[in-house]
Structures are given as structure tokens and as C-alpha cells.
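Given next, in C-alpha cells, is a single chain: the form predicted alone.
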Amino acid sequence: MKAYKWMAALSAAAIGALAAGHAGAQETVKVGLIVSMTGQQASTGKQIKAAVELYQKQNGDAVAGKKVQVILRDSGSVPDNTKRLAQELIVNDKVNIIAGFEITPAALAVAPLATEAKVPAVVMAAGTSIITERSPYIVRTSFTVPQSCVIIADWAVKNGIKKVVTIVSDYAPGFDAEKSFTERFTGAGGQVAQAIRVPLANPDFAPFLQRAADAKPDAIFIFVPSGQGGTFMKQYTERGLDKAGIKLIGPGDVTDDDLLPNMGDAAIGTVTAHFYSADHNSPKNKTFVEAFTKAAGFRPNFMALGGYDGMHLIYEALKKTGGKADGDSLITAMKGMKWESPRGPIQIDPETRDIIQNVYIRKVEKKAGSLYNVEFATFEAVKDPVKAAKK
């Protein structure tokens, strides 16, 4: 057997050996939080980290007689780093739970490790539909891309948008966005004039925006990962597409609350479908935004909610198990769990371990001199449409 195969076999053996006993015996429940604190997805990492810290500040670091210790690791926005760090956390740090995962490749990279070690993986960010299908130990507190894309397609058709150019990032969530929007939009009589995919890393949107402008659509449907919306909006404005009357629609990543205040007035009027806005009008959200902004120094975005609710899920699962922290007990406790989040009512689907949540239609407006995604319609209890279609 070649050397690298020996190493892989030993790693698998080490991880498998841990599944039998390390979790239940500890007085401390360890959560390995793997997010990007540097690199292209750093804005996601800072949001999740701040949310996790706020949750523990508000709820303490002990639950069900166990101390909860969060061990932060920076993936540097590199999925291969995520896999290595997850393995180190499971084998060396003996964590009971791994969490974070800013993009789909990162979440998929840890799926086999979660299965082998029977360690729950709480996906706080990545949104491709298939993620929870890759391991019975994965549960998601963020969103799925199709949840918002089918809703914005419905809205577009009902509001006179007949011809669209789609622009999506060239990776799995982009494909999810393109497919779910296109099927719903064209199925209702809409036309997709062009389907454009742009590089995930350091994209220059300008040439693609020119292609879109040349097609003279009513709107551009845009999906880019959290953190790239500012670049897109800047180049959309520079190309004069706003003045040409070409609307922007899509899921909420493009008008990410973290970046929106600096996007400028060109963003005003952009309509998106998403599960959270910092402007969400509920007492619970107002309290959350105030506390988060005071503690972190910046506005929470939808990634912060994935982290905040991920910690809530972990704490409540530990309460249900009486402090038992083995993977099977925790996952069983998490299935079907419901609570009121700052985003609204949410539930972990007991069958898919994915999140069920409201999706809101929002328009960018200026309020008190700052830009916000202002919600004006609600679609309640939306499941992942891709999984729902498989039944």
C-alpha cells in the first residue's frame, strides 16, 4: 500500500475509534468552529464568529451541567483547509460538534469525517441543497439557495418581468440558483435570454454585465456568494445598467446587510427574496440587532443568523439530551426542533435536517440615511424545494 493510502487508512481508523467514546465522557462539550477569518469569505467568518460570541455572552458557557467551549479555526477560505482542520479537531481536540462552513465545498469536504466519527456538523452558512444528503450527521441552520430563488421567480412573473438574464457564480450554489430560478420562471411563462456563469474567485463582472445589457432584459437575476455583492453593484452602476432601467432581482446575497450601507444609491430599488434582513420588524430582531451591533461594531447579516441559531440549536439539543453529547443523541434531539429566531419562526426538518423558514420579499430603501432591505411580503414555512420535489 502506498504511503498516502496508509496515512488515509490510519486517519480513518483514528476518527472511527473516537466515535465509540470520547464524546460522552467529557465534562466539557467542545464545538470546533471552522470559518474563514481571512481570504475571500472573511466577511462570513467575522459575522458567524461575532454571532457565536454574542450567543454565549447572552446565554453563558454552560448548559445541562456541561461547559461549552468553542474552538475557532480559520480555514482561510480554502476547502482543503477545512477538511484538514476538521480532522485535527476531531482527532486531536476531541470535539463533540463541528460547525461553520462558509461555502459548499467546505461543507462537502467534512461530510465523510462527520459520518465516520459520528460527530454532528452544524452548517451555519453554505447553501447548496445537497449538503444535508451527504451525511446523516449534518444539520443546517442557514438556508438553501433554492428556498429564495423560487420565491423571487414567482414574484418576478407576477410583477411584469418577462425577460431575464441570469448571472451566477460558477460553483454548486450558483448552479442551484440558476436551475431553481430558471425552472420556476420559465415554467410560468418567463424567458431567460442568456445564462451567464462567472468565476467564483476574484470575478470581474464588467464583461458579463455588458453581455447582459446587450440582451436588453427587463431584469438581471444575480447570485453571488456573500461578500461579492459590493463588487457587483459597483460594476453594475459603472456600466450604467441602473440608468438603462434594467432591474436587479435575486436571492439576498447580493444586497448582504454587511456590505449594503456602502453600496450607494444605485442599490435602491433592488428586489430580493431572502430569509433575513437587519430591518426585519420584530421585537426579537430589534433586540438582536442592537446587541450584535454594540458587541461587534457592525450590522449583522444573514450569515450571523446562521451562527446565532446554530448555537441555539446546540444548546437546546444538549438540554434535551440532559448533557449527553454523543452524535446520535444530539442529532436525534435536533430533528424537528422549533423556535422563534430573530429572523422569524424556524424549524429543523425532521426528515431532511434542513431548515424550514419564512422567506421575505425585500426592496432596498434608504431609512434614516442608511440603506436597508425592507421587507414587504412574506412566504411562510418554506422548505427546500429541491428536496420537496424528490418526494
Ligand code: PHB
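Fair warning: this is a prediction, and the values are worked out from it, not measured in the lab. From 1 onward, residues are counted along the sequence shown.
In what follows, reference is made to the form predicted in complex with the ligand, a form of this protein that is not presented.
Participant: Select, from the options 74-82, 315-323, 149-157, 302-310, the stretch whose residues sit within 4.5 angstroms of the ligand in the model of the complex by heavy atom distance.
Facilitator: Of the stretches listed, the one contacting the partner is 302-310.
Participant: Since the partner isn't included here, can you check whether the ligand sits close to all of Glu102, Phe223 and Asp253 in the model of the complex (heavy atom within 4.5 Å for each)?
Facilitator: Judged in the model of the complex, Glu102, Phe223 and Asp253 all sit within 4.5 Å of the ligand.
Participant: Since exactly one of Ser277, Ser135, Thr166, Thr128 fits, which has a heavy atom within 4.5 Å of the ligand in the model of the complex?
Facilitator: Spelling it out, the residue with a heavy atom inside the cut-off is Thr128.
Participant: Could you check which residue among Val119, Ala86, Val139, Val145 gets a heavy atom within 4.5 Å of the ligand in the model of the complex?
Facilitator: The residue in contact is Val145.
Participant: Does the ligand get within 4.5 angstroms of any non-hydrogen atom of Pro173 in the model of the complex?
Facilitator: Contact with the ligand, yes.
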